[in-house]
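Let's start with one chain on its own, the form predicted on its own, as structure tokens.
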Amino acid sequence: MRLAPRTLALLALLALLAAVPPLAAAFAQPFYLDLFRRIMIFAIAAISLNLILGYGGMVSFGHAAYLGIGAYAVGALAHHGITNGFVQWGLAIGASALVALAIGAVSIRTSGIYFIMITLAFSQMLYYLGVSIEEYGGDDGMRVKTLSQFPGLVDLADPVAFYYLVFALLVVVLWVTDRVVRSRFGMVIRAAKSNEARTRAIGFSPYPYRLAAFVIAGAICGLAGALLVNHTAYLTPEFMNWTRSGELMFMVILGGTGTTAGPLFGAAALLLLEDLLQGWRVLPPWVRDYWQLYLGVILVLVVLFAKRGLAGLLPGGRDGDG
């Protein structure tokens, strides 16, 4: 069986990610464990956004709300002495799904700029709610003293074990979203994006399918939030600010909307560029001090000259193929 170039590129990137811990140990560079673990966590969040943006055409500017809900579920329970990871992560996923159901039930009835503004408004409401809760640090956030506990399974205090747990979850999320997109359910979502009127004409109402996709995306992003708060060991409302939603959207667009590999490519490219421009000592100070400016220029050039994203630069394959 001959694999498509996008699939080969995705497998190569996954193989590289799997090799990071032994390579980091060999070169005595533990920092790269944290960097690539962060990339994978944001890739999971970007994959969830791609499900509704890339395949469903729903431009949600409040997707980081579920990242924050997942983080607060873990951080709040840990603050009150509940550190069981199954309870924490189950609540993170469940609460994110429920909030996505509520937001989606309202926002999916609209389209265009109204959909964007409603999702943004809900996200900012939750952000300001997080800012107002002084018990959890308010605007300053709070340190999470105890990471999620999975007795007898995995110790998140072990950087390598935590890394491979995130890697395994990334692979599972990639596989699940790919199966969802290729299913009959996914075909309806994509058809509604292309031509809603024709989808209705053949007997499918897009609303319940879009709402289900919205809930699935929220649940996956809630999982990413649970991982992120364990990664940073710090809980802050900034997890769900609108700027974070913009970053997730740019990861999807940069990597390639409507592709399985695109969000992972986009997350890796954006976060590696950020790290390179800030910390690479070979670069002159006038680049490192104003790295956001140069990052913006690079990203604009990529969008202008790679309109289908980084995954679109690879030959072969239609949207949704690898």
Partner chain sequence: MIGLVFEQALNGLQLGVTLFLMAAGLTLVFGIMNLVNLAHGSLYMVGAYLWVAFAKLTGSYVAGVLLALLGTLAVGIAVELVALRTLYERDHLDQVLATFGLILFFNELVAMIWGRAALYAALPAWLSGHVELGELRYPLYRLAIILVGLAVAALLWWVVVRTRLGMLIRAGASNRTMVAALGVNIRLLYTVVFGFGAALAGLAGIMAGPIYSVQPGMGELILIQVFVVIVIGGIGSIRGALAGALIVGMVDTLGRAFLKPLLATFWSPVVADTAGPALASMLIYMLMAAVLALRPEGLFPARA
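Residue numbers count along the first chain shown, from 1. All values reported here derive from a predicted model rather than from experimental measurement.
A second form of this protein, the form predicted together with its partner chain, is not displayed here; the remarks below concern that form.
Leu304 is the sole member of Leu11, Ala25, Leu304, Ala19 with a non-hydrogen atom within 4.5 Å of its partner chain in the predicted bound form.
The single contact residue among Trp242, Phe204, Phe167, Tyr234, judged by any heavy atom lying within 4.5 Å of its partner chain in the predicted bound form, is Trp242. Only one segment in the set 290-298, 38-46, 65-73, 259-267 has residues whose heavy atoms sit within 4.5 Å of its partner chain in the predicted bound form; it is 290-298. At a distance of at most 4.5 angstroms from its partner chain in the predicted bound form, none of the three residues Leu101, Val180 and Glu196 contributes a non-hydrogen atom. Mapping the unseen interface onto this chain, Glu247 counts among the residues with a heavy atom inside 4.5 Å of its partner chain in the predicted bound form. Looking at Leu120, you'd find a heavy atom of it within 4.5 angstroms of its partner chain in the predicted bound form.
Under a 4.5 angstroms non-hydrogen atom cutoff, its partner chain in the predicted bound form lacks Leu271 among its neighbouring residues. Residue contact check for Tyr114: one or more of its heavy atoms lie within 4.5 Å of its partner chain in the predicted bound form. Residue Leu53 is the only member of 43-57 with a non-hydrogen atom no more than 4.5 angstroms from its partner chain in the predicted bound form.
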